[in-house]
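We begin with a single chain expressed as structure tokens, specifically the form predicted on its own.
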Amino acid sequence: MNIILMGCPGAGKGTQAVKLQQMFHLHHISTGDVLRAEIASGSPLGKQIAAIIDKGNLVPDEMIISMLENSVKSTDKGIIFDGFPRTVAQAQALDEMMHRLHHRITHVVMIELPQEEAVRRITSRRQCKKCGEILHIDVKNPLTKCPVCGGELYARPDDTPARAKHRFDVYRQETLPVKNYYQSSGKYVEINGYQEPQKVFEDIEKSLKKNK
């Protein structure tokens, strides 16, 4: 089982990826995490990526695919791709890479969420500086301390209303064409993300087991 998990910012992809990883014993590949790990490794590829990011440029698709290929080769488990592909060109490159490694994408899960709710979730998100716990707060009566460890909560720079709307606009322009790319593949399923996280997970689980 190799899953692409899609959805707009705030749709809960990270939460669902963790649940799916545990339920089906999968290897979770988040492009952001893999980028950071590659840079931290000090590999030649990591040094190239660090230099590009330091200049404020986007990492080219071929470098991301090379990095993901290393991660796929390092595991014998099924995979969840979280946050990739973001464009049709990346989707095509991923298909080619998986074919080269004698693998294939088996499921494409799109978590659907209205823009208004996505922006609300993003702007109410706070993270603990101490333990990393992510919470959604009441912005009219916000918490300042983490209920898990007592650490200080903060809003990430990307979690402002203006940045949230911009991220949704970019998603709509770049990532929704990927939906069209996969819709006719027979692997694509849409899940209602406007529910409690556990109900979203149950719906995803049913779709995966139904389309084995």
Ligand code: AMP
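Just so it is clear, the model here is predicted, and its values are computed rather than measured. We call the rigid core the largest set of C-alpha positions that still match within 1.5 Å between the two forms. Note that residue numbering begins at 1 and tracks the sequence as displayed.
There is another form of the same protein, the form predicted together with ligand AMP; it is not shown, and what comes next is about it.
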Name the residue from 53, 155, 143, 45 that puts a heavy atom within 4.5 Å of ligand AMP in the predicted complex. 53
Of 178, 164, 64, 26, which residue is found within 4.5 angstroms of ligand AMP in the predicted complex when only non-hydrogen atoms are counted? 64
Complete contact of 35, 59 and 90 with ligand AMP in the predicted complex (any heavy atom, 4.5 Å): yes
Test of understanding: in the predicted complex, would residue 81 fall inside 4.5 Å of ligand AMP by heavy atoms? no
Look up in the predicted complex whether residue 121 has a non-hydrogen atom within 4.5 angstroms of ligand AMP, and give yes or no. no
4.5 angstroms heavy atom contact with ligand AMP in the predicted complex for residue 107: no
4.5 Å heavy atom contact, residue 126 to ligand AMP in the predicted complex: no
Of 135-143, 81-89, 95-103, 110-118, the segment with heavy atoms within 4.5 Å of ligand AMP in the predicted complex is residues 81-89
With the core lined up, does the C-alpha of residue 90 move 2 Å or more between this form and the one not shown? no
Residue shift check between this form and the one not shown, rigid core fit, residue 134 Cα at least 2 Å: yes
Quick one: residue 48 and residue 98 C-alpha atoms, closer or farther in the predicted complex compared with this form (3 angstroms or more)? farther
Cα-Cα trend for residue 102 and residue 49, given that in the predicted complex the distance shifts by 3 Å or more: farther
